[in-house]
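Quick heads-up: it's one chain on its own, the form predicted on its own, in structure tokens.
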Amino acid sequence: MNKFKTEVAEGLSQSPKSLPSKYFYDELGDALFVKIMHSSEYYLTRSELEIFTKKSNQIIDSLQVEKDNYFELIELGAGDGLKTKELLKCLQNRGFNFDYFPIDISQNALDKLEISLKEDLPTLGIQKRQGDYFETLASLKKSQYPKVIMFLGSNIGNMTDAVAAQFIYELGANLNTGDKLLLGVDLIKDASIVLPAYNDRQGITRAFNLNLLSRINKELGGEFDIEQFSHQPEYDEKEGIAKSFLVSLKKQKVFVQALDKAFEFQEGEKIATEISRKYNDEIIERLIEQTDFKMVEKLTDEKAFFANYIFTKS
């Protein structure tokens, strides 16, 4: 709560205003994001699921993990585990010796994932961890077992390139030689495909974005009138970055009790809530150029909308 309070205060005091996208994920936000993933416009989940459904054996072979040597399969931002289950089933069927470590900022998502995995894969060893990605990095080195880190769903796209490069650097610094990174990213493509993914016809993405204000109201005593803000996605095809904003529909002042502060908004003023970076090989190579990671494989869906890159730490 204290971190949420601090970051909301900082974000709404800035010019331009912003709110961290990680706070989308309370119980309602989790449920809305699952709906987004299953919407017809949101191609990202379907594209990556296709890779995991059709190419899990290829992923396993590219990871070059030894069948009889125990390793830790660590997933950052595990969510509902939809895609990961395909890989977990394949690893179990082939007799690999491993435990699965799902890490997520949402305890609710982790609890639901654990229940689901126990139903589908009752013999799987699960060791869940609640926290954000950066907080988990330092704890990775406590274990000397070989590791495979998974960061799927283009979650890295929620970071600026500078933050993403630093994140991958720090990740590598907390891993040992031979450890692997499986990174899922959305590829740069036409705006006619990308924009609807962040502005579906049913309005689920709109509700997901606006829920951030509802969460401030609920947890921090905010007095946001949700009807006085709109959801606005933007995508620069050349830059390859989609952005989501909440836009004030009028000049207004909003008081947040826990902060004992009122925030002023001009009509049309934006609150940046999310960036969703799209990638190509050149951008990926830039992100890892200061690290010890070397690319060993790239797998895409049939339409080449999405890619899963596999790296090894040298």
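Numbers follow the displayed sequence, beginning with 1. Quick caveat: nothing in here was measured; it's all calculated off a predicted structure.
One more form of this protein exists, namely the form predicted together with a small molecule; it is left out here, but the text below deals with it.
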Among 187 to 195, 171 to 179, 125 to 133, 90 to 98, the stretch whose residues bring a heavy atom within 4.5 Å of the small molecule in the predicted bound form is 125 to 133
Could you tell me if residue 137 has a non-hydrogen atom within 4.5 Å of the small molecule in the predicted bound form?
no
Using a 4.5 Å heavy atom cut-off, state whether residue 183 contacts the small molecule in the predicted bound form.
no
Distance check, residue 106 to the small molecule in the predicted bound form, heavy atom within 4.5 Å
yes
Does residue 79 reach the small molecule in the predicted bound form if we count a contact as any heavy atom within 4.5 Å?
yes
Of 265, 245, 43, 33, the only residue with a heavy atom within 4.5 Å of the small molecule in the predicted bound form is 33
The one option of 230, 166, 155, 217 with any heavy atom within 4.5 Å of the small molecule in the predicted bound form is 155
